[in-house]
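Below you'll find only one chain, the form predicted alone, shown as structure tokens.
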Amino acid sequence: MALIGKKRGILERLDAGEVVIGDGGYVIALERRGYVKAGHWTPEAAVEHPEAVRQLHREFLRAGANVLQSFTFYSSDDKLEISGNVLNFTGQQINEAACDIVREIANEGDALVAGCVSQTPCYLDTKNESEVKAIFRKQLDVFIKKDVDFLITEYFEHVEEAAWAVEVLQSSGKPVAATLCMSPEGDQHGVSPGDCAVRLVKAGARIVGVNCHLDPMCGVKTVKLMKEGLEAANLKAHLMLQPLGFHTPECNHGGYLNLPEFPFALESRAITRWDMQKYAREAYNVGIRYIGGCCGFEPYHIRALAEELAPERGFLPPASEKHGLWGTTLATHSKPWVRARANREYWETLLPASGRPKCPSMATPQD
């Protein structure tokens, strides 16, 4: 049954000091499930297979997310045109379908809907501000029509383009969150995380942070640098982080796209639910209050974040009904050595094996 009454907005929640749990990665998850084609990663599944998108939204909601993002990643017309995947649908049709699906599921719980835009091929091709902004404005028209709760700019490699997106989206009057996929070294033009944060806030973003490209601990470090930059400039904004669900210790500026395992052999790098709990605590401790995930994050990862931060949030997610905290349900197992694992110390100190005798601990990133 849908909740009745007006939901509190994203800024209202963050201003009150609440922890907001985001959702996870859609294109990687749906590619693995057979609904997204790898390469250009476009979201036509919102029209072709709405049941798949709907189910993934529902699983993230059940896991504890109280923000669900529209499945509109890479859904600008210029990206859809060069992908070759979209022949029978317009960008507007995809964006509208994605908004309808996510609103339906968000209304099953206390979740907000975020309309999302991402980087465009047009920016790399032309660097033409008016052309790029026109693309974002066309997407924004759909988000306004569908009355999303707030807006996110995500997966931007250059702060200049991200700031253009923020300028367009904030004209709607809705709150804007802006994230960049960058390392502590900064964006792809070498603009530092602190300077990126300042530019995004000056453009109109109320929430700033990092998404994708690198693993959680690298993300925490980068957002901390953004926070320091804002403090030095006497600017305020809420902080958010939605990193990869993969370990990428050898990556830096280029991110996981440079790993030889990208995109079809990343499973060996998957972060465990216990790694996620450590990430959630580290993020919280540096002042990040909007905590979620991107590529590689599955619903059980989001559940782990929600479980770790349950003391601060005051509740557990519905999915925890089927999961004992720190493995406590193993206490009823028939095997004594498995029963011995029903405690936090075991899982918190475990060093998981890969099971691959010739698997190196690190790879050499490729440009």
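Because the structure is a prediction, the values reported are computed rather than measured. In this text, residue numbers run from 1 along the sequence as written.
There is another form of this protein, the form predicted together with a further copy of the same chain, and it is not shown here; the text below is about that form.
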Every residue of 258, 333 and 346 near a further copy of the same chain in the predicted bound form, heavy atom within 4.5 Å
yes
Testing 247-255, 202-210, 164-172, 220-228 against a further copy of the same chain in the predicted bound form with a 4.5 Å heavy atom criterion leaves exactly one stretch, namely 247-255
| message | At 4.5 Å between heavy atoms, is residue 16 in contact with a further copy of the same chain in the predicted bound form? | response | no
### Query
Hey, in the predicted bound form, is residue 312 touching a further copy of the same chain, heavy atoms inside 4.5 Å?
no
Query raised in the report: Should residue 176 be counted as a contact of a further copy of the same chain in the predicted bound form, where contact means heavy atoms within 4.5 Å?
Result: no
**Prompt:** Is residue 289 close enough to touch a further copy of the same chain in the predicted bound form, meaning at least one heavy atom pair within 4.5 Å?
**Reply:** no
Residues in 21-50 that come within 4.5 Å of a further copy of the same chain in the predicted bound form by at least one heavy atom, in order, are 31, 32, 33, 34, 35, 36, 37, 38, 39, 40, 44, 48, 49
